[in-house]
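What follows is a single chain, given as structure tokens, in the form predicted on its own.
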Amino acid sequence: MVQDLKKIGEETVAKAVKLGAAEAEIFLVSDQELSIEVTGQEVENMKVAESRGLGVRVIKDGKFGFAYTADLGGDALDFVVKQALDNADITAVDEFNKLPQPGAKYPQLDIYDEAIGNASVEQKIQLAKDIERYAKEYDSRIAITERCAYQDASYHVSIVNSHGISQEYRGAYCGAYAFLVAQEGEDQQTGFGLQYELKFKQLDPKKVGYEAAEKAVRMLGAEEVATQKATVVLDPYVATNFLGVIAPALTAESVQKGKSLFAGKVGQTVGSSSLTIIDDGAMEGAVVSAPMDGEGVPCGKTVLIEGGQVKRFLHNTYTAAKEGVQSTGNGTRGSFKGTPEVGTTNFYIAPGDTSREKLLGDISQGLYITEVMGMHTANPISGDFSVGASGLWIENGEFVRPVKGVAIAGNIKDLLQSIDCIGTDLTFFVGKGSPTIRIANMTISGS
């Protein structure tokens, strides 16, 4: 199938050029996904999905056209090429419509593990069951299993364009997660565990089950605290929630549209001197890594904020052409049905040099936030946010009791500038990662 996809791409590009395209690109993908959900040691849901198709981008007289099809037969390919060219006829001329040139070196990545596909469905079901078993083993107060699940996906990507790019790669990943409820009397608290890897053998059902159970149990008996100013610590998962707001603001697409809180800030300080934010599409061992982006541009490491200072933004070919720079390899595509946008890959806050234990040990009083609610309401343009929060109260460097029903609010830039310590424990949650982050002083709104 690998050779078939690439050959189809090359033949379809040739058709597009013959029919009048000045530039043409074919993006082909074939993928398979499996998900298994277990509750009460019984399979609740199992889904297998496969898709295969291609997207055609053409540029004709400075105009851009796009079309896609899931039918890779000859007649369908002729039709989709003509459709893309027809679509180009009704769009406006844009001098920045370009396709990338070949020549750059592609990173060599180990992102395809045959063991994922070779493992039997029975093995994968057992892995999901083991997660649930370990969670209940951890503590008898684990009362409800909302979901214990296994997931995997394998994919095949081929990109061919009329400038000479003709590249392909295979990739796969697997993952497991659990959502649980702990109960003590009338009190119920939830917890989750999550692990996604490139290698099947790296999945650890005990780790996932124990993590979910621990998070649920430790919140039993949670109470509010009084409104006050105190040190706030962001668990790595919570920090990646904030990264989800920051991510679009660091794309050139948002900057060029005037929709970024970092617009016009290159060279300016927007955060603590300990803060460095990186996007690395070729990061070794990371789930979202790939040798190239959705346009065939090599992926690589881009430092966006360094020492608190904005250095640059993420680009695809179009946004790079508008600024006369090179694409950073961040032309991302959700499927063959869409055109490349600008998006993150492995997007993370670089680890600091303080252990999590030391970071917490220095706190006389504060809140370790383990969950935030309402992050979708944060404004990526202004940076303003107001979210509900829960977590663990800290006294003299120790967790002393669980806390619920509080809120934190502010502005992302103020939050970044208030960071006074970053841990060494960089943890990824699929495509976003962060260490533990300590905020020197923040208002906690409680009872």
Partner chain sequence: MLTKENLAEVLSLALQNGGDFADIYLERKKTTIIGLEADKIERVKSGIDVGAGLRVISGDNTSYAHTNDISIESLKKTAQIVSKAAAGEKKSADTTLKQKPANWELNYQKRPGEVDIKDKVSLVEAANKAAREADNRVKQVAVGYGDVEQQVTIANSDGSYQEDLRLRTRIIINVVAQDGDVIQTGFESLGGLQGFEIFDDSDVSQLAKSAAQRAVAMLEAKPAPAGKMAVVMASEAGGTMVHEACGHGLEADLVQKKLSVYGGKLGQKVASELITVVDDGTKDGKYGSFRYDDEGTPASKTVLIEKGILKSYMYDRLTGRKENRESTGNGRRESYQDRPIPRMTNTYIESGTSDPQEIIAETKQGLLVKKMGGGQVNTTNGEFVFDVAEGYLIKDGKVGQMVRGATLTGNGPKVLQIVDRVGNDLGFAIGTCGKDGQGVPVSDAQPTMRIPEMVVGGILEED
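Bear in mind that the values here come from a model prediction, so they are computed numbers and not experimental data. Numbering follows the first chain given and starts at 1. Take the two forms, superpose them, and find the largest set of C-alpha atoms that agree within 1.5 Å; that set is the rigid core.
Unshown form predicted together with its partner chain; subsequent notes refer to it.
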property	result
Contact residue in the predicted bound form, chosen from 109, 278, 144, 321 - any heavy atom within 4.5 Å of its partner chain	144
Interface residue in the predicted bound form among 295, 152, 253, 130, criterion: non-hydrogen atom within 4.5 angstroms of its partner chain	253
4.5 Å heavy atom contact, residue 373 to its partner chain in the predicted bound form	yes
Residue 41 within 4.5 Å of its partner chain in the predicted bound form, heavy atoms	no
Interface membership of residue 47, its partner chain in the predicted bound form, 4.5 Å heavy atom rule	yes
Contact flag, residue 28 vs its partner chain in the predicted bound form, heavy atom cut 4.5 Å	no
Region of this chain that lies against its partner chain in the predicted bound form, out of 153-161, 219-227, 360-368, 192-200 [heavy atom, 4.5 Å]	219-227
In the predicted bound form, residues of 158-185 near its partner chain [heavy atom within 4.5 Å]	181
Exceeds or equals 2 Å, Cα of residue 79 between this form and the one not shown, core fit	yes
Threshold 2 Å Cα movement between this form and the one not shown for residue 90, core superposed	yes
